[in-house]
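Before any questions on binding or motion, here is one chain by itself as structure tokens, the form predicted on its own.
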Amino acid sequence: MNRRDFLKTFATFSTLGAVAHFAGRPLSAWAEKAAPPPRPRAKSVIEVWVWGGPSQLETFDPKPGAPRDYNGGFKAIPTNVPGIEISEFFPLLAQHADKYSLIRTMTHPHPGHETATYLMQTGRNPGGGRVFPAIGAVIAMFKAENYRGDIPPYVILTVPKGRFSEVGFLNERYSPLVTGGNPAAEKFIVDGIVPPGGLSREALQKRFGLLEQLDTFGRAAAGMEELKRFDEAGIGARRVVEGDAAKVFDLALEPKAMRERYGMTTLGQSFLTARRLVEAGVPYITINAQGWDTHKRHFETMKTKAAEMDKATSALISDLHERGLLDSTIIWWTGEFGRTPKVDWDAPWNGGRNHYPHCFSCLVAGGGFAGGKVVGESDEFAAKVVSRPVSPQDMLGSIYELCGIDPDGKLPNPIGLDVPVLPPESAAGRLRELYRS
């Protein structure tokens, strides 16, 4: 029984109540892939999972010269790095392009959410009867030895992807803590860490005390190994809810101006919580940003979603930079694929974009990734890769390397499989042209 299981069990006691490259120009050559591995820099990773698949044209690969059937009539805007332009939907991020780099030629063959998510998260093609662990669980495992926090080493804000078991065949201790709750609410109730019902620390201590008084079975069965493990889980649970771990999720400790900087939305406050988790040393944090599967009325949806995302992402990058944490924190912004380059104006789509895995964009920042660069070049419609294709294996392998994990090394696992961290499949190699020296 782990701490979260103990808290959930404790919560069932109704008597006690609930507790529980070159700036602006694509790098057409990538001989750098033969360069030696980088010096590990990244202590934490923040994955911004743009759930559903963000359009490359309305994010980081705009095509203002294309017909309206492709760009919807929207423009590109300059960034603070000469030669780099992004979509007009992201004016705040445009002010920080020197701190991030763009990959415009992500590519894979899977147009379905489940299969694309699995490939992007594990580096493996689906099938074969075995579920491999996602990058978050793998990094949590490798970093766990040097991590001493009471919060689990992998945290998801605020809902799971739900496409597959991210821990795969690894030990359950590396499965993510899915917070649930709403960080923009008056109190952010986090499953297994922040007690529900607004309980104060004093009230919580009284309830734990009452539990001990009522535990006649525990006293009678002293010495049982199973009870000992239960007690150890209980001690760990108390340490979490009574200690500093719960404070990480108490956003009321942040100045009002800082909260507003991120945006007083579930998404914005999730980004702020991610920064606090980095400060607490948590190795891997995923923010699941929902609502980007824009088959219908794509542009209407973008006006809302992009504004929230622009504010939150720009605040996170600049905040980490100001605190001296960006150099040791990777930000990886991506979805499972992009959207179809040509807009479907007919009913029932009324200006929609569908799934498109053949050429899409993502953003990386910090943790050893250089800023102010663009990798890859797409065609005039953002439909085809012209130069420097980047596979999911290339992307994941680059993150692993910057975290000090050998992608070609063995993946430790409790069932004795002889498998590498990543398979040898690749498009054009890891993103070493983006590594800082």
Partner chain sequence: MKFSLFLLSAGLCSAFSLTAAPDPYIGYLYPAGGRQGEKIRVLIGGQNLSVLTGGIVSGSGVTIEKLQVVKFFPAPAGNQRRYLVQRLIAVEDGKKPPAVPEDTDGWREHPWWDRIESLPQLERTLIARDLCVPKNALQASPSIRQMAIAEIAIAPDALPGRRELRLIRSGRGNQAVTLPLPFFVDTAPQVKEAPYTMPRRPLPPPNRLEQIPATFNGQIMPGETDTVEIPLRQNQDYTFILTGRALRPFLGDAVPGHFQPILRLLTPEGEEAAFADDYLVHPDPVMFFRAPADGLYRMEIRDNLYRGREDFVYRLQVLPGTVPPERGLPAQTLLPETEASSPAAAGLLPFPGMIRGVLTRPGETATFRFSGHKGEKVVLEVQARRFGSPLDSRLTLIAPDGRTVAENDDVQEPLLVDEYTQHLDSGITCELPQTGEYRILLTDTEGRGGKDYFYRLRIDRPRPDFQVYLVGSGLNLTRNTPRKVRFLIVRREGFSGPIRLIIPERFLKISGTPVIPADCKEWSAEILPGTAASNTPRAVELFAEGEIAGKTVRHSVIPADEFIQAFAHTHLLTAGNLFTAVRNSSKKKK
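Positions refer to the first chain, counted from 1. Note that this is a predicted model, so its numbers are computed, not measured.
The form predicted in complex with the partner chain exists for this protein as well; it is not shown, and the discussion that follows is about that form.
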* Would you mind picking the one in Arg173, Lys296, Lys75, Lys303 that has a heavy atom within 4.5 Å of the partner chain in the predicted bound form? => Lys296
* To do: Find the only residue in Asn350, Asn80, Asn125, Asn182 having a heavy atom within 4.5 Å of the partner chain in the predicted bound form.
  => Asn350
* Structure fact -> Of 273 to 281, 342 to 350, 184 to 192, 125 to 133, the segment with heavy atoms within 4.5 Å of the partner chain in the predicted bound form is residues 342 to 350
* Asked: At the 4.5 Å heavy atom threshold, is Pro111 in contact with the partner chain in the predicted bound form?
  -> yes
* To do: May I ask you to check whether Thr107 falls inside a 4.5 Å heavy atom distance of the partner chain in the predicted bound form?
  => no
* Does His321 make contact with the partner chain in the predicted bound form, using a 4.5 Å heavy atom cut-off? -> no
* Even though the partner chain is not shown here, does Asn354 get within 4.5 Å of it in the predicted bound form, heavy atoms only? -> yes
* **Residues of stretch 118 to 144 in contact with the partner chain in the predicted bound form (4.5 Å, non-hydrogen atom)** => none
